[in-house]
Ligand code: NAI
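A lone chain, given as structure tokens: the form predicted on its own.
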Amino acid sequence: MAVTVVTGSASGIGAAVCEQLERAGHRVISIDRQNADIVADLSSATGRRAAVEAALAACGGTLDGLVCCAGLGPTAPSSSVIVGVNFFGMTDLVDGLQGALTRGIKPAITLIGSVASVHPGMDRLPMVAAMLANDEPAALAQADAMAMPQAAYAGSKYAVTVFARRKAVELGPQGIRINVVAPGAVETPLLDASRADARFGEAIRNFVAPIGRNSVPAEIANVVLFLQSEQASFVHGTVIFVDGGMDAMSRTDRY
């Protein structure tokens, strides 16, 4: 039986991923702030270390899969907490569980990114450079100094995508695959909070994918399940947009 760790497991995409993995025969070790096998706050380095230690104990040091779904949107309490969860809450889990994954059977990692990662200018933000340099204090400070939660969200998703593509070069020879799923608008509590926000709600409600609707968590989980399976055995270091055509609409001539 494959053993897979899933973060952000209590709701939304993470809950759908857990359901589908369990249905496919995986033993899931869930991580979230509540209602999970491992209760942890991934916004802090201390919380992430505790999550890694608990996950290693739960899997006995051997892991077959990791799916990082935990994430915060622009309505989070601060820009720094967005960066803490969305970037370091994924990268620290990947690094901390890498050794256990090397001992797994055909191990695979999927990180939940976002179509927002391709927003112009994300690659030039000092905050993003600090994330990719693994300088958490600088990244958090710069995020709060910008005071632009939308940029913190998009920038963190861009940075985690770059991290995954860089990490693919290191992990491939170890037999570990890593990929990113980039959703568009998904009917989750995170989207509900953004739609209700006085600052961002109208723009979010008006940004409709060419397919004419938002997705539901199960549609994202379908792709995650594929990437974690043997059917995706040669898919490595890639980004799969599951966005109803949002990226195609925004960047028709770039791919």
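When you see a residue number, it is the position in the sequence shown, counting from 1. Computed from a predicted model, the values in this text were never measured in an experiment.
One more form of this protein, predicted in complex with this ligand, exists but is not displayed; see below.
When this ligand is considered in the predicted complex, only one residue from Leu42, Ala55, Ala221, Leu63 comes within 4.5 Å through any heavy atom, namely Leu42. Using a 4.5 Å cut-off to this ligand in the predicted complex, not one of Val5, Ser30 and Pro107 places a heavy atom inside that distance. Residue contact with this ligand in the predicted complex: Ser79 places no heavy atom within 4.5 Å of it.
Not displayed here, this ligand is kept clear of Pro149 by more than 4.5 Å at the level of heavy atoms in the predicted complex. Looking at Gln34, you'd find a heavy atom of it within 4.5 angstroms of this ligand in the predicted complex. When contacts are judged by a 4.5 Å heavy atom cut-off, Met90 counts as touching this ligand in the predicted complex. For this ligand in the predicted complex, the listed stretch (121-129, 166-174, 95-103, 70-78) containing residues with heavy atoms inside 4.5 Å is 70-78. Looking at 111-148, the residues that come within 4.5 Å of this ligand in the predicted complex, counting any heavy atom, are Ile112, Gly113, Ser114.
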